[in-house]
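Structure 1 and structure 2 below are two forms of the same protein chain, each written out on its own as structure tokens.
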Structure 1
């Protein structure tokens, strides 16, 4: 019947649910409840939770169950720093292997972002933004880098809609993207790296200005005071 294993199916479904914010940070993921709703036994659920914990999406407290991981301001900032280092590496590697096709693809993303911004279509904008950055990672040709980056992004990505406040006006962001593409076309790895580093540092600096409380308000609203429990699906 099903080619894939139950664990994989559950894993995918849970990951999707967490990334789409249907299980917000702080949600308790109880094995029996999940087993009931997915119609499987606790075994596959436990395995899936284990792997999600390795991805950083859930935290397992021994003998006390699993909860959807929430990032503090400090942790979010730390993730940003790592992400910056990884993407700077990616862009350096990519510039050396860039071809016309890649440049065209990147330009396409930028102009699509332009349209999305003009239409105030925030969701599309962020999707395009993610694709733009991911393009560098994949074009780098370094699979390990892809894995590690996906992991870091995974824990941050859940917040992306809320993080509009960090980015502020979209137009400067698009212009920054455009400059990065230009540096890639010129084949200047150092300039591209510097531009990218600056681009990523913008929301980082905004983040620093927020107090922990303001951060919690915008980013972890579901975490306090009563943690909801995962139900159904």
Structure 2
């Protein structure tokens, strides 16, 4: 197997583990331990960590190794604000070109989110929620918007399980999604954008209410990561 291919596989596995919170913020990522875990040499691990550092998921500390990057309360709030601006623009662009197929897909996401919430399947709910919002980004047709949004979501993505504290009951969120879909169906870009902005502002308001200590406890506590093996490659 070519080294580049192996590095890409390690990169994908490490990124997935971080985004799924199996390596929480503050977790030290030691090259030797990771190499043993994945059954590879330290070279691919080092290259993967450097790539993750460029993505903002890992911080490389001179002579101290790598650690999963944590966001401050202000940085997380700023990421939410940028996300809101990008998705509001994406919705406006999308409504102008939306067709029945897109509306049907959005409706399916909402229906599946409803079922996931009822079954208390939080992981599936967040996967579906991400797909719902990504649908607008992709349908916008704006490549630069797509690139910047991917960077922002990459920064926020690893907090998705922890962000449940900001959303609380998922039922209002599902209803907000339904209202957005209805606005898209009506072909009203301003209403869809307003509803989406409100939807994203809900966790932001809760975030503002958290103290720095509460934010650190809920979002940046370094728990023991789950076991990760070469099987993920």
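This one's a predicted model, so the numbers in the text were calculated from it and none came from an experiment. Superpose the two forms; the largest set of C-alphas matching within 1.5 Å is the rigid core. Residue numbers count along the first chain shown, from 1.
message: Quick check on the two chains I just loaded: which one is the form predicted alone, 1 or 2?
response: It is the second structure (the form predicted alone) rather than the first.
- request: Using a rigid core alignment, state whether the CA of residue 203 is displaced by 2 Å or more between structure 1 and structure 2.
  value: The answer is no; the displacement is under 2 Å.
query: Any CA movement of 2 Å or more for residue 176 between structure 1 and structure 2, core superposed?
result: No; residue 176 is a residue whose C-alpha shifts by less than 2 Å between structure 1 and structure 2 when the cores are overlaid.
message: Quick question: how big is the domain rotation between structure 1 and structure 2, taking the chain as two rigid parts and the angle in degrees?
response: Domain rotation angle comes out at 18 degrees.
task: Taking the rigid core as fixed, quantify in angstrom how much the C-alpha of residue 61 shifts between structure 1 and structure 2.
output: Here the C-alpha difference is 4.3 Å.
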